[in-house]
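Below you will find one chain, with nothing else, as structure tokens; this is the form predicted alone, and questions on how it binds or moves follow later.
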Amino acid sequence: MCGIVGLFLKNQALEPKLGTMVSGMLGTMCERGPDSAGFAVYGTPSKGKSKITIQSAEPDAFKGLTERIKKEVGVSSDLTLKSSHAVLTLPSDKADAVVTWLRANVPNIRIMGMGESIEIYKEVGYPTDVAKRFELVKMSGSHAIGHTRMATESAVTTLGAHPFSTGPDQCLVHNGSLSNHASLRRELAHDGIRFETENDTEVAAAYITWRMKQGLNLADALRGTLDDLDGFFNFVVGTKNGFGVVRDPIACKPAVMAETDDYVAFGSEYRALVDLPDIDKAHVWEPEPATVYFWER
């Protein structure tokens, strides 16, 4: 049992309040996932710049990192520290080279995600503590996805927490379990997809990345999960401009959505939505099985 929340803002005037709204939603899902928590926030991109969110359990891991990147990769970057995570901001055309260098030369630093808009924060701990640790309430943006985890099939670790990101500005959270993730992992790895964990959710995220690399949009990639992934699942997925939801054909995992002129929201339970503005006027519904819901700016 895990908890999922998601919020996609249609009204740009609400963007400064995104973190506050999502923090409140995430806090209602603590009982569904007390082991660990995480969230992805899509902020306003800076022209020609990308961000790499990194994590380390060692307090001094980030010291001198920008200087090393400048010296050894020839790339200037800025680093913003947030507890066990940091965000590197650098030219977009140099991001892949820096990611490759980090993986080869700094083994005590893990990459949480990268892209022009996305920042990902996740850690072991009670969800409200994780949100406070990374100052979620202070974050702004167009959309965000959060998750609270109760581990069932893999260890309680930072890397095992959600969201998972396997492509630029892409992330996925999941409530459920997949039965064919091992075979699909081998197929995706053969096609060059990199995996960091044994978690089945990372396979789902990688599947979406793989399909979008083939030219599919998010909605069509989500439709593909209905044929190619076996198991029980609710997926909520984010891209730079989009927000998507899909449930498996049996739909045994709880889900509720709400839409107004200002936003679209997802929660594993209705209590995640009750404090959103004008929720009493929203169209509220349970997502249909085997149906893709997709919004894009």
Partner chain sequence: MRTIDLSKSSLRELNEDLHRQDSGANEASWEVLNPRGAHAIAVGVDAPISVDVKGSVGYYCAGMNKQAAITVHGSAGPGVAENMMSGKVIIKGDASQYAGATGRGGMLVIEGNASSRCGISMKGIDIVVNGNIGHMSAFMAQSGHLVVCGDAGDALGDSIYEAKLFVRGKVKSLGADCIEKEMRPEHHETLTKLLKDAGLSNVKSSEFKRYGSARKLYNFNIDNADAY
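This one's a predicted model, so the numbers in the text were calculated from it and none came from an experiment. Positions refer to the first chain, counted from 1.
FYI, the form predicted together with the partner chain isn't displayed, but the following is about it.
Counting only heavy atoms and a 4.5 Å cut-off, does the partner chain in the predicted complex sit next to every one of P59, K63 and L159?
Looking in the predicted complex, the three residues P59, K63 and L159 all stay beyond 4.5 Å of the partner chain (heavy atoms).
Name the stretch, out of 43-51, 63-71, 242-250, 257-265, where some heavy atom lies within 4.5 Å of the partner chain in the predicted complex.
Checking each option against the 4.5 Å cut-off leaves 242-250.
Taking the shortest heavy atom distance, is D35 within 4.5 Å of the partner chain in the predicted complex?
So D35 does not count as contacting the partner chain.
May I ask you to state whether P16 is within 4.5 Å of the partner chain in the predicted complex, using heavy atom distances?
No.
Taking the partner chain as it sits in the predicted complex, is P289 near enough to touch it, meaning that at least one heavy atom pair lies within 4.5 angstroms?
Yes, contact at 4.5 Å.
Taking the partner chain as it sits in the predicted complex, is D278 near enough to touch it, meaning that at least one heavy atom pair lies within 4.5 angstroms?
No, no contact at 4.5 Å.
Heavy atom within 4.5 Å of the partner chain in the predicted complex: which residues of 262-297 meet that condition, in order?
The stretch touches the partner through E269, Y270, R271, V274, D275, V284, E286, P289.
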